[in-house]
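Quick heads-up: it's one chain on its own, the form predicted alone, in structure tokens.
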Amino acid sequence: MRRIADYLVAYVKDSAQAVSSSWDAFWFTPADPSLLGVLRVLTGLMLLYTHAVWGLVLPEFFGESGWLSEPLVRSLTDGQYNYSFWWLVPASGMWAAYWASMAILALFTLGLWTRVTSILAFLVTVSYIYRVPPATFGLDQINAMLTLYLAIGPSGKVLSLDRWLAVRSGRTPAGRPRPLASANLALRLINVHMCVVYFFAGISKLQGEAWWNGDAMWRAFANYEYQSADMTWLAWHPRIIELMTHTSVLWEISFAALVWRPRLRPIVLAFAVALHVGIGACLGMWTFGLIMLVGCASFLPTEAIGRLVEALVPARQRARTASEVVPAIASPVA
């Protein structure tokens, strides 16, 4: 009996150590921060676009006599306090606050003072969301999620003015940056969050009858409010509609399980591209589709992205002084 007990104790101890090692490796294995830099630029461009759109109707939403007054927002949120700097901005300072927000988002996108501007960009993003919650959607939530995790990680280490200035001054050697555990942590947070988003999106659909009988995709295609491409021809092909409906739900639910397997990951991500590009082309939700693909891009191999960025951003690898450095900042393509 004693030998069995000793065996069980050793087994539990070894299993616990294996789980602990796997946990540490998953979250804290140093990773090339190049992918984070790419995600920062893409997310920053989307933030600039979405907040520029707010600027087209700023008085209507954020003005003193806007559509969503403070008492109305309080009542819609059950009296809960919404953390937004807009509650502190006087009517005369509305445009000043808006342009200050745009400046912060621009600096974040360019990667200047990224350690500070990334945090400020997150505060700007959530402040807009909390000020007008009835007018925000999934795009705004994914914007906030990505910005938060980019603020946690070293997103300014690559493809940034911070990097260029550091290399030019000689504080940082030219060439690829060293792998960082904090970069991997930020990427893993995005990975896990995307898995949660897709899983709950899938199981929530199962509560609707249209997703069981296969009519859900047709209802979306036939809705003229969202229709940007005429897909009514699918009415004569119900089997295709049913296949699209069931495949979409199955993919969302299985995403969290399949995307971690290296051999299946390209297929899972390819389906993500097809799904979100299809949503953008057929239903006009381009911004939402693109920001979801930015989140999916967090699953791309960091080493390959690092080599790609290095090839697209030629820098003199042997630079010794500031005068020898040729600054180059590439513009990533989504």
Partner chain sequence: MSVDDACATDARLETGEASGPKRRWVRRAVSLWLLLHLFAIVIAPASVAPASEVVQGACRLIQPYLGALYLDHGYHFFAPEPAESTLLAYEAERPDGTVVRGRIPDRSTHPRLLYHRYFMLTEHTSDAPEEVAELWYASYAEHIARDQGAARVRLIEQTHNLSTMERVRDGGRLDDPEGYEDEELGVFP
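Numbering follows the first chain given and starts at 1. Computed from a predicted model, the values in this text were never measured in an experiment.
Not on display, but discussed next: the form predicted together with its partner chain.
Would you please decide whether residue 270 lies within 4.5 angstroms of its partner chain in the predicted complex, comparing each non-hydrogen atom pair?
Answer no; every heavy atom of residue 270 is more than 4.5 Å from its partner chain in the predicted complex.
At the 4.5 Å heavy atom threshold, is residue 201 in contact with its partner chain in the predicted complex?
The answer is yes: residue 201 has a heavy atom within 4.5 Å of its partner chain.
Although the partner isn't part of this model, could you tell me whether residue 134 comes within 4.5 Å of its partner chain in the predicted complex, counting any heavy atom of the residue?
Heavy-atom contact with its partner chain at 4.5 Å: present for residue 134.
Might residue 162 be said to contact its partner chain in the predicted complex, defining contact as any heavy atom within 4.5 Å?
Residue 162 lies outside the contact set for its partner chain.
Going by heavy atoms within 4.5 Å, which of 262-270, 60-68, 295-303, 35-43 lines up against its partner chain in the predicted complex?
Looking at the partner contacts, the answer comes out as 60-68.
Of 96, 250, 76, 257, which residue is found within 4.5 angstroms of its partner chain in the predicted complex when only non-hydrogen atoms are counted?
Flagged contact: 76.
What residues, if any, in 128-145 have a non-hydrogen atom within 4.5 angstroms of its partner chain in the predicted complex?
Heavy-atom contacts to its partner chain in the predicted complex: 129, 130, 133, 134, 135, 136, 137, 138, 139, 140, 141, 144.
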